[in-house]
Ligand SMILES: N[C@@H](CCC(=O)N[C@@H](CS)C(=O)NCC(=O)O)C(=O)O
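Form predicted on its own, single chain, as structure tokens, below.
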């Protein structure tokens, strides 16, 4: 029996982040598909796992506790598994800084542009253009860091911060946001994709529930 059960939906970037973290940590996980279109995320059963009624959620069978919000889940997994948690406290602090930065700057630009391009959401053209411009501004800021640091936390090894940020950058292709002007980011993407256990946004999550 797998220790962890991930509740989510395959097109969800935040769900992908948690699945990628589990995969990179070498943790097999059961997966429960939550059909947002049918409102399963607002059902009483699901709200027992996630007070916010969103995906993803993670159930840890060892504690019988469920956790929500992907960035918080990544840090929980790093702490409980000892994987991707950085060597020094300073790495974890810097990784958290970038995680919070991404939620404010990078994530909205990439995710909302992707949603518009794929038809998940409808925005006026000027609004989509605004989100896409913000995505490039954020990528430029991230690029300036990654040109001088191999990993988001600034240390010699990847951390949960890399997983979190990749869980946004990995969708740039679907958003039509190119990385050609962001060489530091492109090199970092290659490093992340070369990690043992890596699986892409198109292949990691199943489209239906499955056991580990």
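Numbering follows the first chain given and starts at 1. Note that the structure is predicted; figures quoted are calculated from it, not measured.
The next section is about a form of this same protein that is not shown, the form predicted together with this ligand.
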Which residue, 32, 36, 59, 179, has a heavy atom that falls within 4.5 Å of this ligand in the model of the complex?
36
Partner-contacting position among 146, 168, 175, 55 - heavy atom within 4.5 Å of this ligand in the model of the complex:
55
Tell me, please, which stretch of 46 to 54, 22 to 30, 182 to 190, 150 to 158 lies within 4.5 angstroms of this ligand in the model of the complex when heavy atoms are compared?
46 to 54
At 4.5 Å between heavy atoms, is residue 201 in contact with this ligand in the model of the complex?
no
At 4.5 Å between heavy atoms, is residue 66 in contact with this ligand in the model of the complex?
no
